[in-house]
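The data below hold one chain only, encoded as structure tokens and taken in the form predicted alone.
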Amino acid sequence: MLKMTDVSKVFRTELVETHALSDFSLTIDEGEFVTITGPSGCGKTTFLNIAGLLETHTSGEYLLDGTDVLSLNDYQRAKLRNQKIGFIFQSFNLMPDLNLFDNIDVPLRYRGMKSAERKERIEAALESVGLLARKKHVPSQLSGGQQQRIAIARALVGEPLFLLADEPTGNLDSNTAQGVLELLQEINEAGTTIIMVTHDQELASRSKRNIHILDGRISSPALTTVSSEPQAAAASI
């Protein structure tokens, strides 16, 4: 589903060359729940941006559902991103002037989907996160946890190949974060692939696999399977 082979990302200025990722190789299969961990500046955000087609890599190969993304132009990348990837951000990224229904509608409108089908999908997504009754509310009328649930519904509505979650509980208190994580686990158990970037080892311990990045590379051992039990600690990596 997602396969990176010897991917590197280099940022260059007149005086400095920074290697954000170096010879980065990773395969993620359909149905996995994978967390990406590591210290600040290790390359987590760069990986997320490349995986989400928000940045291009400098060298190596990235195959997304069998497509070599480096060969795509901007329009093709945007289309693939809209159809294959759902994004969940730490700050929710909801449009404050739109109600919840219309916030979730945004990615579907880009597909040119008919209104009846959009309505059916949006209401199903709202129902799945338990907020159908609030569909006419605006984001400011919701708690942080509810806003993140709407962001999850928006990510799911297009039936993406996988979800990319960037610190999805970072702005939430511990109890609310627990509820959001349980929702993500339910979504994964229903068959959706999830890739979550986090600095929180407790959250990482709830995923099925933990990838630890250090200095732009996957640390050794590269792949660590972790327990999905709530109190299990992540294996040492």
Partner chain sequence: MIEAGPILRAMTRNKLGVILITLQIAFTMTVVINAIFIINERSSLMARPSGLDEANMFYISSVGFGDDYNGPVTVADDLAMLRQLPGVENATVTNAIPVSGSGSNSGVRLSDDESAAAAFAAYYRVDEQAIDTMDLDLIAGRNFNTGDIQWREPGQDLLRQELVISRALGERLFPDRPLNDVLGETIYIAGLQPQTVIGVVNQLQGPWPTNSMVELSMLQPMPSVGGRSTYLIRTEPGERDRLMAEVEEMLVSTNENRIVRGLMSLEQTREESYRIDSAMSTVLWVVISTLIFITCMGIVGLAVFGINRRRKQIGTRRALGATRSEILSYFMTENFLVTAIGVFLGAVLTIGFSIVLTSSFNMPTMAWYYTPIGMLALIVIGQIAVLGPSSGAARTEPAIATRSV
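Positions refer to the first chain, counted from 1. If you're wondering where the values come from, they're calculated on a predicted model, not measured in any experiment.
What follows is about the form predicted together with its partner chain, which we do not show.
Peer 1: Among 63-71, 199-207, 50-58, 180-188, which stretch has residues whose heavy atoms lie within 4.5 Å of its partner chain in the predicted bound form?
Peer 2: One stretch meets the cut-off, namely 50-58.
Peer 1: State yes only if every one of T45, P107 and D166 has a non-hydrogen atom within 4.5 Å of its partner chain in the predicted bound form; otherwise state no.
Peer 2: Yes.
Peer 1: Does any heavy atom of D97 come within 4.5 Å of a heavy atom of its partner chain in the predicted bound form?
Peer 2: Close contact exists here: in the predicted bound form, D97 approaches its partner chain to within 4.5 Å, heavy atoms only.
Peer 1: How about K79 - does it come within 4.5 Å of its partner chain in the predicted bound form, if we only consider non-hydrogen atoms?
Peer 2: Yes - in the predicted bound form, heavy atoms of K79 and its partner chain come within 4.5 Å of each other.
Peer 1: With a 4.5 Å heavy atom cut-off, would you call S115 a contact of its partner chain in the predicted bound form?
Peer 2: S115 lies outside the contact set for its partner chain.
Peer 1: So in the predicted bound form, does any heavy atom of S143 sit within 4.5 Å of its partner chain?
Peer 2: No, S143 sits far enough from its partner chain in the predicted bound form that none of its heavy atoms falls within 4.5 Å.
Peer 1: Heavy atom within 4.5 Å of its partner chain in the predicted bound form: which residues of 137-158 meet that condition, in order?
Peer 2: Heavy-atom contacts to its partner chain in the predicted bound form: V138, R154.
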